[in-house]
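Taking the form predicted alone, here's one chain by itself in structure tokens.
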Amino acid sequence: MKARVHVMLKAGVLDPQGEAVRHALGTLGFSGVDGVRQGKVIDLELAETDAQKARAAVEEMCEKLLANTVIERYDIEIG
């Protein structure tokens, strides 16, 4: 079973990488970009075949390793 995790900084947390991208886009002539938030996508290939068990396992992975839950939020897609 496949799982995809989207990890993003929580609202209100400064995103220096996103700001660097926004600035670079302006330098390249892309006007009108008022903000950029950068995150990460993690694709997992799981042996688990039960979607509910897979989601629970991935959530535990996120809480323990994949996301810094103090400053980041995550969304899980199972499919």
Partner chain sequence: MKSAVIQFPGSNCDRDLAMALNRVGGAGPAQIVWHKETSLPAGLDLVAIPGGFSFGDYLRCGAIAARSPITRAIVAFAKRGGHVLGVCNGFQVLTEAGLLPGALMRNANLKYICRTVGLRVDTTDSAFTAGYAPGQEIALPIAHHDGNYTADADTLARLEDAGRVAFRYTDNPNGSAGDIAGILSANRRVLGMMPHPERASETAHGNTDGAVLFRSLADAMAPA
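Just so it is clear, the structure is predicted and the values come from calculations on it, not from any experiment. Numbering follows the first chain given and starts at 1.
Quick note: we don't show the form predicted in complex with the partner chain, though the next part is all about it.
Undergrad: Just checking whether Lys40 would be counted as a contact of the partner chain in the predicted complex - the rule being heavy atoms within 4.5 angstroms.
TA: Within the cut-off, so yes.
Undergrad: Just checking whether Leu65 would be counted as a contact of the partner chain in the predicted complex - the rule being heavy atoms within 4.5 angstroms.
TA: Close contact exists here: in the predicted complex, Leu65 approaches the partner chain to within 4.5 Å, heavy atoms only.
Undergrad: Taking heavy atoms only, is Leu9 within 4.5 angstroms of the partner chain in the predicted complex?
TA: It does: once the partner chain is placed as it appears in the predicted complex, Leu9 has a heavy atom within 4.5 Å of it.
Undergrad: Since only the chain is shown here, I'm wondering whether Ala20 would be in contact with the partner chain in the predicted complex (any heavy atom pair within 4.5 Å).
TA: Although the partner chain is absent here, Ala20 would touch it in the predicted complex, with heavy atoms inside 4.5 Å.
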